[in-house]
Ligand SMILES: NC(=O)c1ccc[n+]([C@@H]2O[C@H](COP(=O)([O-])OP(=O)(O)OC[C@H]3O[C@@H](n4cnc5c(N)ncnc54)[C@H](OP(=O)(O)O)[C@@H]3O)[C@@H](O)[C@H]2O)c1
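We begin with a single chain expressed as structure tokens, specifically the form predicted on its own.
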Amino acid sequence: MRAVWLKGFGGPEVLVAGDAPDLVAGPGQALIEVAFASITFVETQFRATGAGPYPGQVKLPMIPGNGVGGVVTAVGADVDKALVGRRVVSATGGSGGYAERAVVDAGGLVEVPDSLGLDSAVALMADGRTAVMLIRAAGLRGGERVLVEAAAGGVGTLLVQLARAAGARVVAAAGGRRKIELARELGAEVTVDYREPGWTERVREAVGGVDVVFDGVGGTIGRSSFDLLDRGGRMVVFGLASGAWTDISDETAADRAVTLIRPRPTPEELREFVETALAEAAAGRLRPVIGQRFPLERAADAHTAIQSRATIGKTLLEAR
């Protein structure tokens, strides 16, 4: 089968397409004919340095990729054979996703509703799960002013929609006119370009302060967002797209009566978050934005595009 190999850490060029051995589903496993593979920002960081959410498990060469969607073509022992032919999404455990086929834990399969495309389902698997988790962790109330950082990204576009559906007044912060326009189309009441000086003043002019911040960027942008919070606000911290977490001490937050929220979901909760995101999309209440698609062999180009900050929404690899 065809796959993309990571043979060393570095720039996108270290991702090289090549052949890989055919796979067989073992006990408790399922074999998926992959249609689409997800690419996350975390994966670009892992490719560059080897740092990531799977410490101690990296042995090079390897096939990267943690999220896939496709059709189950075979199952191993002790797995329900009725799964064969089902359309599913699944995590791979951190490797094996950038390939034409993937073997996964059958217990982790999530079936895709008939009315939802596999591409949309893959776009929602990681980002939809995260967005649903964050919205619930924030405990949004109608009329609250909510700031979404990186509002045109994979998670950000979903947060804008979910926060709006919860009755919040959404302030979208993103970089560049194209991204600002997308956030507005998705329902943001106020949009600001955080690459421009004085963006926080424009937020204050529009809505005063904010009640909730979804911080997926970190660094100086995260700190500026924190400063926009009124007393008693909540800051939901989940990402460091800038390369650094927002530096807010518990003492600083307490002085402002701000609650710092860092969700720690259980595996069971994560699965339910995926199922909720897929159901909302199947019902037409949530729209994943797939901004870029690349053939499997061009995984390096996909990583380059994500790192350039020019992408919008989700980036997918097409394995078929």
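As the structure is a computational prediction, the values presented were derived from the model and not from experiment. When you see a residue number, it is the position in the sequence shown, counting from 1.
In what follows, reference is made to the form predicted together with the ligand, a form of this protein that is not presented.
Note on the interface: of 109 to 117, 137 to 145, 83 to 91, 210 to 218, the segment with non-hydrogen atoms within 4.5 angstroms of the ligand in the model of the complex is 210 to 218. Taking A126, V72, A183, I248 one by one, only a single residue has any non-hydrogen atom within 4.5 Å of the ligand in the model of the complex, and it is A126. Only one of the listed residues (G233, G239, G222, G96) places a non-hydrogen atom within 4.5 angstroms of the ligand in the model of the complex, and that residue is G239. The ligand in the model of the complex comes within 4.5 Å of a heavy atom belonging to G175. Of the heavy atoms in I290, none are within 4.5 Å of the ligand in the model of the complex. Although the partner is absent here, V58 sits far enough away that none of its heavy atoms falls within 4.5 Å of the ligand in the model of the complex. With a 4.5 Å cutoff on heavy atoms, T130 counts as touching the ligand in the model of the complex. Shown here without its partner, the chain carries V42, G154 and Y194, all of which come within 4.5 Å of the ligand in the model of the complex through at least one heavy atom. The partner is not shown here, but in the model of the complex the stretch 283 to 320 reaches within 4.5 angstroms of the ligand through a heavy atom at Q307, R309, T311, G313.
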